[in-house]
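Before any questions on binding or motion, here is one chain by itself as structure tokens, the form predicted alone.
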Amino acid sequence: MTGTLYGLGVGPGDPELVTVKAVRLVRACPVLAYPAPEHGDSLARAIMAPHLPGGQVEIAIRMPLSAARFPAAEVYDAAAAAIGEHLRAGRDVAVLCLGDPLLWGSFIYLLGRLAGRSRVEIVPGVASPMAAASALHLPLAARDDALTILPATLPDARLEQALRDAESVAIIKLGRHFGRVRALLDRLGLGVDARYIEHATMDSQRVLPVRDVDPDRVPYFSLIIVRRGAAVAAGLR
């Protein structure tokens, strides 16, 4: 009998935002896997660290940071092979994923390789748009609003069309794309309705007016929320 593959959302950064279910499962699994940069520590593991029992086999999935190489098929192939070996031996494996496993989560690429071979259970996590909205005291959507989540990596034409049509928008994965996103918001007259936050829920959290952000110092874990008009931003019409 094979082990179970658990995809555990660990939330946006605050260890207290990890769900009770994710904590229970990670403590019970003998094998732990998590994404990590090519060099350095894993943020997903750091978030879950206060809840880890110790003594687990750990698989660090070292990811390339270059957009041209992501998602790197060979990295996920190797990780899936290592995880699959433990599953076939009957050992449960907990895979940690920042935010929610199925919202731009690294777990998606493992699920595609391992689904159908073992039992899979996925535990949702607090996603960064929800964490940012809470920190900003800003509703993401109210009444009949449609919420749009856009990766800043999209080309300008697609971003512009989505922004023109949207009522409430979260723009994620800013990083080096911040400058062109800000220019686009200004061109559409949306800069006044935009709120910027980085490292939401972490000790390093910062909230700034969009106009005051240094585009050369914007981290990957940052986002902008745009809601049209002060009344809408307050959840009123």
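Given the structure is predicted, the values throughout are model-derived calculations rather than measurements. Residue numbers here begin at 1 and follow the sequence given.
Unshown form predicted in complex with a further copy of the same chain; subsequent notes refer to it.
Considering a further copy of the same chain in the predicted bound form, the lone stretch of 35-43, 55-63, 191-199, 165-173 in range is 165-173 [heavy atom distance within 4.5 Å]. A heavy atom within 4.5 Å of a further copy of the same chain in the predicted bound form is found for one listed residue only; from Ala94, Val123, Ile83, Leu98, this is Val123. Exactly one listed residue, out of Val218, Leu223, Val18, Val226, brings a non-hydrogen atom to within 4.5 Å of a further copy of the same chain in the predicted bound form: Val18. In the predicted bound form, no heavy atom of Ala157 sits within 4.5 Å of a further copy of the same chain.
A residue is said to contact a partner when one of its heavy atoms sits within 4.5 Å of a partner heavy atom; Val213 fails this definition for a further copy of the same chain in the predicted bound form, lying far away.
Although the partner is absent here, Gly90 sits far enough away that none of its heavy atoms falls within 4.5 Å of a further copy of the same chain in the predicted bound form. Contact annotation: Leu150 falls within 4.5 Å of a further copy of the same chain in the predicted bound form, judged by heavy atom distances. Residues of 132-152 placing a heavy atom within 4.5 Å of a further copy of the same chain in the predicted bound form, in sequence order: Ala133, Ser134, His137, Leu138, Pro139, Leu140, Ala141, Ala142, Arg143, Asp144, Asp145, Ala146, Leu147, Thr148, Ile149, Leu150, Pro151.
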